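What follows is one chain in structure tokens, specifically the form predicted alone.
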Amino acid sequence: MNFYAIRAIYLFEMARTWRTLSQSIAAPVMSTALYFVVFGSAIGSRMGDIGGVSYGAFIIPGLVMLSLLSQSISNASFGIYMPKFSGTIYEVLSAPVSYLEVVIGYVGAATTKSLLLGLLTLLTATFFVDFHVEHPVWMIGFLLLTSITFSLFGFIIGIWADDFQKLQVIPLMVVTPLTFLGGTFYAIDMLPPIWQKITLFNPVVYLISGFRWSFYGVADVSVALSLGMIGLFLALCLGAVWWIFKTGYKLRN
């Protein structure tokens, strides 16, 4: 394992984050803070509890997950797309660096940024809403698994994309709607029976449900099922990345 190469890619990506701190960290945290102000403090104080949890506290895991998913995809996709766009990707591919080391460097940096953003979002929430974390180890575990999985997903999108517009298509048109419809602002059992069944086809439901359980011990689906769905999506992303480097899809040409 070439740890020098991994370190070089990782530090290069992290340096880009520090150069664009307002865009990479401050903007997502501030936009999520607006949700806490509106839904947590203003609207949440006028709504009843959900599963014994105040509404303002109930939506915190969903809002953190909303920010985490979008930023994991965005950081990883932009990180690998820019070398493609500038042509420097060929220098990386021709260097004595394995595909695994390239993936670890880019995805590791995107995961680190996403974890930092998620923890800062939770810290910001403490200024607006009172909440607690019943299972902090599981909470960190869900954050880590989700960040790795969706950073890999973003890495795939960055390789697939031919222009900057395509980088935003899936995050804005697919992931964000699924997150809003995945129980961010409500519990699944609040829906009519037919919509409860339809919602279970939304993979984001399992992410938010497991993450919310780590906070309050309440969940829409079983924790084992949530972990299984994350593991399945992680395996699919790993398989897609392996196929991309094996075939040279959108890389060799």
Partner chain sequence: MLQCPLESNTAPKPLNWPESMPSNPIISVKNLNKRYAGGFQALKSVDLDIHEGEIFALLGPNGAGKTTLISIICGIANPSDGTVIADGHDILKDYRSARSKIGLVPQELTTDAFESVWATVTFSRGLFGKPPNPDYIEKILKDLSLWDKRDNKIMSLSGGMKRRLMIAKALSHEPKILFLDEPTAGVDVELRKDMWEMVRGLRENGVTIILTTHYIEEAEDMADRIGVIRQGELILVEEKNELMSQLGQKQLNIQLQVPLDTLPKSLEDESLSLEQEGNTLVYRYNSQTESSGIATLLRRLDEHGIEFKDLHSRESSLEDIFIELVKSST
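A quick note: this is a predicted structure, and the numbers were derived from the prediction, not measured. Residue numbers count along the first chain shown, from 1.
The form predicted in complex with the partner chain is left out here; the points below concern that form.
Partner contact region in the predicted complex: 83 to 91, out of 127 to 135, 153 to 161, 83 to 91, 68 to 76, criterion any non-hydrogen atom within 4.5 Å of the partner chain. Of the heavy atoms in K250, none are within 4.5 Å of the partner chain in the predicted complex. In the predicted complex, the partner chain sits within 4.5 Å of a heavy atom belonging to P96. Interface residue remark: W242 is not counted as part of the site for the partner chain in the predicted complex, having no heavy atom within 4.5 Å. Contact check for M229: every heavy atom lies farther than 4.5 Å from the partner chain in the predicted complex. Residues N2, Y4, A5, R7, A8, I9, F12, A15 are the ones in 2 to 18 with at least one heavy atom within 4.5 Å of the partner chain in the predicted complex, listed in sequence order.
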